[in-house]
Ligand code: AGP
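One chain comes next, on its own, written as structure tokens: the form predicted on its own.
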Amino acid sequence: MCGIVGYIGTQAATEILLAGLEKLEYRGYDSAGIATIWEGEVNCIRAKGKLHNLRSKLELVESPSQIGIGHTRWATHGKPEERNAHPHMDATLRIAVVQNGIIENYRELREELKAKGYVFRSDTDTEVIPHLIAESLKNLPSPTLATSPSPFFEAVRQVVGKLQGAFAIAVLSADFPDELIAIRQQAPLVIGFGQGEFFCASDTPAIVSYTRAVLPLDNGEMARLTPLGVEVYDFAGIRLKKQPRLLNLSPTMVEKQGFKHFMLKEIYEQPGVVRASLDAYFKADWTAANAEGSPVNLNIDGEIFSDLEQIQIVACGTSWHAALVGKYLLEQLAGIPTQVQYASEFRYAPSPITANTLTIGVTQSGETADTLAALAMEKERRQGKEAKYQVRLLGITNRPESSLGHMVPRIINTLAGIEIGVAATKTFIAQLMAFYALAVDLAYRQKTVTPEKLEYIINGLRQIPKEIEATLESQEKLTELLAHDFAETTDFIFLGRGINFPIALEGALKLKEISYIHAEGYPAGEMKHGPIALLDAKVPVVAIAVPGSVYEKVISNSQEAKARDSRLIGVTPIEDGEAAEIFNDLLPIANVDELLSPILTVIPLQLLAYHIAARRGLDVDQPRNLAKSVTVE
């Protein structure tokens, strides 16, 4: 969840570290700090709160150091106070460490170190690491040093062998001022290659302004960065041969480009995301009259789809909501029974093993700890079973180079581009597009839908980008004005049915995440079974009512809410006269097929949440207590 950045090269490190941390602050912003080496000393400066507090402190310090590490924190162990901020140092203040993740056995390591006289200054699990490295340096055996690249590297390597958990670590020492050691174990870490300078970071946005040549470390790997280059080793100390690759990113992709917030920019990027998905997934020349082969090209071999009887999807947060839409599509189009489970629950109470089952993991970052653990468990428990029970894994992610990409053999790349805002918007739309493509592909393979119906669906999808643009144009001022009325509201209810029930959940989640207003999403038909007791004039209700199989039902459920004095906001087609009479306020969308409507109905809900949060004066891109990539359990 935290962000790490490291630098060694020919430039002053401080500004490079700060710029990198700014790009990683979406990973956590409870505190921040950097450590550099200058004149034989480690200079460590930390600050509670967001990065601007650290920058203010650093304005009083001038350091031309050309090596350093930095950290922006999402608190796990210890309150978000300066003494718990990273980097953490050893007793002699010669070694500095930053870490993302959790050291699960830190308590026993801490007690062992205390028994040896070490004093701890923080409540964090990370602080055991610099003390352990200092202890290891004191006791390095000479024969080991003969085969190691340096004493510092060897000391760090030996300490890593004692750590249990999921972590990424960067370490430097004043006694070894030309080395920076980076370690990955179940938490993302990438190495960057510049002109006479080298970087490490939790994510590529931190270094894309300086280099596009990167090497993601794999689990169980260490990198030794020096002014001469980068060496990669496994935890046994064996040197590995690895080649960097070029990122298909530009620095402008991680800038606001005139928008007030990244979230608003990313909402407006959604038509482009849908177009990119259409171009990548759907064959341009496929028609019902020329239906040779699937209309979809996901670059997935058909073996995992043969004799398919069931699909189970594991995901968290917004990805879970996308998976619920996916379930509807897979069942209604492809006729395949589909379960959607929270990854955090599945890993401790998995469903019974069933035959010919495809397991799909959905995570925008590809690093979500619970989702990765659920997939790893599924892989392990099916190992050695007879053929029909063998594991079939598929990943849906925005980062194919991530841990998910290494874990599963087949990936659907969601093509959203870098998303900086913590609250997912364009990555949600991209996940929906992946599920539409998968459902259409499977419907073709299963022969559950006629080619004419598939062509109708694909043609409808091709119209969606311009419909999103029209919705954005009409809704921007409308939602901004509406937000004025809800700046002091404390509770919201969102209603939907069928394929739009997950959109009600997603709308409620967006509002909770960035405005801190209590909001709940319900299937509209469930209101009378309890939640209707919450309604009065102080609780507005947002209802998604689009023409289709459940339209009249949603209208009826909405009238029940209005009868309890709730202010009723309708997400409904522009020309719907009946809705105009029922709802107090309208957030109109184009009239599209109910099956395709989630891609449109979520747009006004994103905008409404954004404008309410902005009206309340809150930090839209970095809401409290949250992080973009949840890499701890």
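Remember, predicted model here, so these are calculated numbers, not experimental data. Don't overthink the numbering: it's just position in the shown sequence, from 1.
Omitted from view is the form predicted together with the ligand, to which the following refers.
A.B. asks: Does the ligand come within 4.5 Å of any heavy atom of G498 in the model of the complex?
C.D. replies: Contact check for G498: no, nothing within 4.5 Å of the ligand in the model of the complex.
A.B. asks: Classify G317 as contacting or not contacting the ligand in the model of the complex by the rule of any non-hydrogen atom within 4.5 angstroms, answering yes or no.
C.D. replies: Within the cut-off, so yes.
A.B. asks: May I ask you to state whether K510 is within 4.5 Å of the ligand in the model of the complex, using heavy atom distances?
C.D. replies: Heavy-atom contact with the ligand at 4.5 Å: present for K510.
A.B. asks: Indicate whether the ligand has at least one heavy atom within 4.5 Å of a heavy atom of A166 in the model of the complex.
C.D. replies: Taking the distances in the model of the complex, the answer for A166 is no, it never comes within 4.5 Å of the ligand.
A.B. asks: Of S365, T338, T124, Q185, which residue is found within 4.5 angstroms of the ligand in the model of the complex when only non-hydrogen atoms are counted?
C.D. replies: Answer to the contact question: S365.
A.B. asks: Answer with one of I457, L393, A483, V422: the residue that has a non-hydrogen atom within 4.5 Å of the ligand in the model of the complex.
C.D. replies: Partner contact (heavy atom, 4.5 Å) among the options: V422.
A.B. asks: Using a 4.5 Å heavy atom cut-off, which of 518 to 526, 318 to 326, 157 to 165, 89 to 97 contacts the ligand in the model of the complex?
C.D. replies: Within 4.5 Å of the partner lies stretch 318 to 326.
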